[in-house]
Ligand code: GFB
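We begin with a single chain expressed as structure tokens, specifically the form predicted alone.
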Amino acid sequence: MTGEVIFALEGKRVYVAGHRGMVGSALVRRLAAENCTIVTASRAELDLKDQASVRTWFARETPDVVFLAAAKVGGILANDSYPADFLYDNLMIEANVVEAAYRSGVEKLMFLGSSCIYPKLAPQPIVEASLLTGALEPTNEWYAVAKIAGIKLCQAYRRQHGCDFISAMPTNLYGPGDNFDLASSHVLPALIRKAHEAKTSESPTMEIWGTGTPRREFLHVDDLADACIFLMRRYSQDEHVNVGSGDDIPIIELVKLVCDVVGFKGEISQDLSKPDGTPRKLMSGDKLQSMGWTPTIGLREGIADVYGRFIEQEARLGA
């Protein structure tokens, strides 16, 4: 990788907030290759929505570095059904962790956001400067507003207190530890489960929401974790950084790819009464690529890996 290393992780106490989630667990896997001490706390040990508990924990554990990957996440249905939870929980988590990091003298913090921060109709590919230039996608605006607040919080602490707090905005993620619950999952794991169930039940059809025309970009979570380590070492500026694959795919083509990997041979039907969401959401990766980082896991390869893990998970649950 190119780019000057300006911050060393070696010998540091590194706290991964949200270590049991898909992003957090990928960060823990990636950090295992570094010469650092990984610090974690389960929800039972630390409620990140409780300000006093967070401050006490930071004062006791004294992490040097923080990856803030903890968040309440979900798909369109979950966002639309629980707007107060998505806004309140995420605001509390990020505010408490950022403030405690400042108070306890954390050397560097990375806040992990989401591509949903951008306007629904932002010019494609979406550059970092598109933030706050237009209206958000209504189906997940509560989560988006909370994540925008997180970016601004890091910028504010950098400006007022000189904190080395940075933000990275991942595109749509998938990988080990994904959520396959159809009521709350994102599009790719939902499609994998649907295709698998249609295959095992020998159903002649598999239903998808909407027209299938929206285009989406996907990144394997292990690529994200590698990009986060890269940025933690090499980046220290006010503006957030997009982290994506640089390519997008129509949902209908993604469905066909998933069905091919899973082995479902039936027909695809479309429920046109269901929403499509944002018509297209491809983020520009120029800023990160100009620093010397690019992803390494292809979409088909990544889907095959996730499906294999899903099969293993189903076998364990059925045992």
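On a predicted model such as this, the values are computed, not experimentally measured, just so you know. A residue's number is simply how far along the shown sequence it sits, counting from 1.
Keep in mind the form predicted in complex with the named molecule is missing from the figure; the text below concerns it.
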> Can any non-hydrogen atom of residue 119 be found within 4.5 angstroms of the named molecule in the predicted complex?
Replying inline: no
> If you check in the predicted complex, is residue 79 within 4.5 Å of the named molecule, heavy atoms only?
Replying inline: yes
> Does at least one non-hydrogen atom of residue 50 fall within 4.5 angstroms of the named molecule in the predicted complex?
Replying inline: no
> Does any heavy atom of residue 291 come within 4.5 Å of a heavy atom of the named molecule in the predicted complex?
Replying inline: no
> Can we say 114, 187 and 190 each have a non-hydrogen atom within 4.5 Å of the named molecule in the predicted complex?
Replying inline: yes
> Pick from 155, 130, 104, 172: which has a non-hydrogen atom within 4.5 Å of the named molecule in the predicted complex?
Replying inline: 172
> Where, among 104-112, 160-168, 230-238, 210-218, do residues come within 4.5 Å of the named molecule in the predicted complex by heavy atom distance?
Replying inline: 210-218
> Out of 135-162, which residues reach within 4.5 Å of the named molecule in the predicted complex, heavy atoms considered?
Replying inline: 140, 143
